[in-house]
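Next up: a single chain in structure tokens, the form predicted alone.
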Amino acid sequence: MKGIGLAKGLAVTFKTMTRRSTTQQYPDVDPELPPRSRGVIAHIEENCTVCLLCARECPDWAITIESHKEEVIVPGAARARQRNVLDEFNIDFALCMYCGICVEVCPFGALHWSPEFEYAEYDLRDLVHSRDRLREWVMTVPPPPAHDRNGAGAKEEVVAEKALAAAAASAPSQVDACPNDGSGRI
């Protein structure tokens, strides 16, 4: 039959014409974002050990890190140790595809998602954000969700509790090893 597609299209049009619009007035009214939404990546320098995992795992090569080695004298050690010192940490948000791999692979929690999303620029070169800009976004990172008290604990906690219980069960009690006549003297 001719015109069935046209009739279906007009039916959808008339149905949507009777509904109220859900337009958000964005610049005037801030949008209600879901908790822990992904905006930009914030960097905590104090936690960064310059291990370069984030830069190596980034599929777009959006992260660039520059560092140098510094000798640290440890008291009581036979020789001086070396540690990496961060010189430059940049993220090019023109290249970033917001996959979150860098946040997941960071072993020391130096990278976090910030809900900030208003960082548009007029020039692509201005989308390369350095340490100072990334440090500003750290203040907007929400705290992690509370642990469910009724849920199962972390795997590490459960293993540690089992090992502690096994050690306590196999070790002789100090009360049994020490005779006590009830006078309070040992």
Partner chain sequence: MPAWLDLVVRVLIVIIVIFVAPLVIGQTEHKVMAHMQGRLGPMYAGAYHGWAQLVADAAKFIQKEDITPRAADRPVFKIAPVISMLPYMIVVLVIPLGPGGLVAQKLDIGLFFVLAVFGLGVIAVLMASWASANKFALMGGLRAAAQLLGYELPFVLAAASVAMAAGTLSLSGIVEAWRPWWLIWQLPALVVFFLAGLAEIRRTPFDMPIADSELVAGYLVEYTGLRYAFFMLAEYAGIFVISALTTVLFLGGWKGPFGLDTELGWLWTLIKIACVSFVVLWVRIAYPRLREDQLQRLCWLGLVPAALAQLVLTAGVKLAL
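Positions refer to the first chain, counted from 1. Model, not experiment: these values are computed from the prediction.
Unshown form predicted together with the partner chain; subsequent notes refer to it.
The partner chain in the predicted complex comes within 4.5 Å of no heavy atom belonging to residue 169.
When the partner chain is considered in the predicted complex, residue 28 lines it closely, a heavy atom lying within 4.5 Å.
In the predicted complex, the partner chain sits within 4.5 Å of a heavy atom of residue 10. Residues 6, 7, 9, 10, 13, 14, 16, 17, 21, 22, 23, 25 of 3-25 are found to place at least one heavy atom within 4.5 Å of the partner chain in the predicted complex.
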